[in-house]
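This text opens with one protein chain seen in two forms, each one given by itself as structure tokens under the names structure 1 and structure 2.
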Structure 1
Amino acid sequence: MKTKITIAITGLNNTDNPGPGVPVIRGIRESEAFDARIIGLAYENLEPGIYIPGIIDKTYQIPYPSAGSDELMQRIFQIHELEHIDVLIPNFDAELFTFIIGKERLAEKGIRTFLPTLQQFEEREKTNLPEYGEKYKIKVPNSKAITSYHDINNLRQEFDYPLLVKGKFYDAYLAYNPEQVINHFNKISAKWGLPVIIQEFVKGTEVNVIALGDGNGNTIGAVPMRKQYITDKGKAWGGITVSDQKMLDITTKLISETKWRGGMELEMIKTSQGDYYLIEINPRIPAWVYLAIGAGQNMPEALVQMALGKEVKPFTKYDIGKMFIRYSWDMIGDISQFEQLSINGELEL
């Protein structure tokens, strides 16, 4: 018999820069263990996941983390009074800090999470990647955080063009000259703030690993993927699971040494010489998680189990050659749905 449970989930922006919320929900919906009531937590009232039939039972609007951690937490507690949330799964980098430092407050209310520690979260930030690579003996591209135009003028002393210009949370653009760096710097800093990260461009094939750590150094699941189609935002619009033991070894070693807790994504470049460069660690489940589910590792289900304190056996295999392709789909709704969420801050489909 399935356990009845209420799970609150963010990351419902299923657009050309998709959040992980919808595929995480799909994995939970397919669970053999849970009969879940899904509460959607939306920052914007046009996030597509809100309106997809069969995905969310009820949606509540929440304030952006930039409005203040306390304001966001108070809104979560208001929703909890109405819905009695058992597990909360945040899916955005920008909100994780609030929920990590607030996990004890959440636990006191009976809301369980399964998140990295603050140290794990901070040491893998893009600004700290060179030190991270040195500490854990992983190759990483040369990186530097910049905060002004003056820094851009000095880049030629340390970097060759082209180079990557990255936001501290999201977005990455390739620049071939200082003028393009300035354009990308302006765009990224206006959206995500400072610093902006400059990273050496490493030529090769982009490969990713989704993984789940239990917080004790054990890898519960890991599935490597090669991107088949990439959007102009650098997001995978198609990918295929691959057999790559070296990538898995890098992942399990990192989880063992850091005792990583929760979901993660390693973004790597594999060169023609067979070297692997770690270019980014996303400290949560990535948006392509449904490929891992389709390949035999339902990591959202496992994460919920661990959040509830249950023992979870590690996945031992995955299907190689499983492929995912994203597509656009026009949904027809009613303005009354939009009005309910905009005016009342909640919507039940």
Structure 2
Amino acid sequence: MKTKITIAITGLNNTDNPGPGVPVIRGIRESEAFDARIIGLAYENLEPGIYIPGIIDKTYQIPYPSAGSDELMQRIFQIHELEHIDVLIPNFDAELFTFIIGKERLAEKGIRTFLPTLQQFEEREKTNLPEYGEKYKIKVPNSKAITSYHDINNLRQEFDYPLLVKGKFYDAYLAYNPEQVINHFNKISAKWGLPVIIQEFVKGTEVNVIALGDGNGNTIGAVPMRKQYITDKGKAWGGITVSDQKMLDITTKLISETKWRGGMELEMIKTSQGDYYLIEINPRIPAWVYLAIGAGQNMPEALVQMALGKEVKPFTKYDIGKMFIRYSWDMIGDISQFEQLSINGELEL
């Protein structure tokens, strides 16, 4: 018999730069274990997930994390009064900090989460990559934070061209000479502030792994994928599961050493010599999670189980050669739905 459960989920923006909310919900909907009532938590009134039939039972609008965690928690507790949320799964990078520092407050009210610790969350930040690589003995591209033109002249001593010029939060450009570095430095620092990160350009194929850690060092699931086609925003619109034992070994080793808790995505570059370089760790389930579900590892379901405190047996296999192909699809909505969400802050389709 399926367990009745209420799950609140964010990240419903299934646009051309999609959030993971909708695929996470699909995983839960397809679960044999749960009969779930899905509560959508939306920051914006046009997040597509809100309007897709059969995905969300009821959507509530919530304030941005930038308003402060008190405001956000207050709203969630208000929703909790009505809905009795059992598990909450946040899916946006920008909100994770707020939910991580708020997880005790949520737990006190009976809302369970399954998130990394603040320490795990912070040490994998982009500006800390070199230290992270050293600490966990993982190859990372040489990188250096710079704050002035003066530093650009000295880059030749440490880097070969081309190199990557990256922003603190987003943006990355390839530069072939110091003039281009200056150019990108100006652009990036104006947008994201200092420091600007200079990173060795590692040539190779990008491979990604989606993984789930139980917080005790065990890897509950891991599926590697190679992007087959990338949009102009750098997002995969097609990908395929691959058999890559080395990549899986790196993942299980990292999870065992960091005792990672929750979903994650490792972005790596595999060179022609067969070396793997860690580029970035996303501290949450990625938007392509439905591929993992399709390949036999329902990670959203497993994450909910762990949030409920149940022991979960690790997945031992996945299907190789499963593909995902993203597509866009126009739905028909009505102004009355938009009205309900905009004025009352809630919508039931």
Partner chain sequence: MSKLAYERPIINKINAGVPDKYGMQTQVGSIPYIDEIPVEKLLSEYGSPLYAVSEKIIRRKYREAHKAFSSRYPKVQFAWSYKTNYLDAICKVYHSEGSWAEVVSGFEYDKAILNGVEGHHIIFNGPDKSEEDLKKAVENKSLIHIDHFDELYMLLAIADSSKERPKVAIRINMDTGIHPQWDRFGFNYENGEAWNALNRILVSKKLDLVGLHTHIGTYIMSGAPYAVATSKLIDLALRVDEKFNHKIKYLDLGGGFASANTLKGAYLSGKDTCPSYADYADAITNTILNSELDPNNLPTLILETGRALVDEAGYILGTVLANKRLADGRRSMIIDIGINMLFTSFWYDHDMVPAKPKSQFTEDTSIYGPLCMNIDVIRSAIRFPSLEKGENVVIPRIGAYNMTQWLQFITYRPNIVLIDQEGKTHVIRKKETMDTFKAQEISPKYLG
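Note that the structure is predicted; figures quoted are calculated from it, not measured. Take the two forms, superpose them, and find the largest set of C-alpha atoms that agree within 1.5 Å; that set is the rigid core. Throughout, residue numbering runs from 1 along the sequence of structure 1.
By the stated condition, namely the form predicted on its own, the first structure is the one that fits. Once you line up the core between the two structures, the Cα of residue 143 ends up 2 Å or more from where it was. The rigid-core alignment places the CA of residue 200 2 Å or more apart between the two structures.
Taking the rigid core as fixed, one finds a CA shift for residue 114 smaller than 2 Å between the two structures. After superposition on the rigid core, the Cα atom of residue 185 is displaced by 6.9 Å between the two structures.
After superposition on the rigid core, the Cα atom of residue 153 is displaced by 8.2 Å between the two structures.
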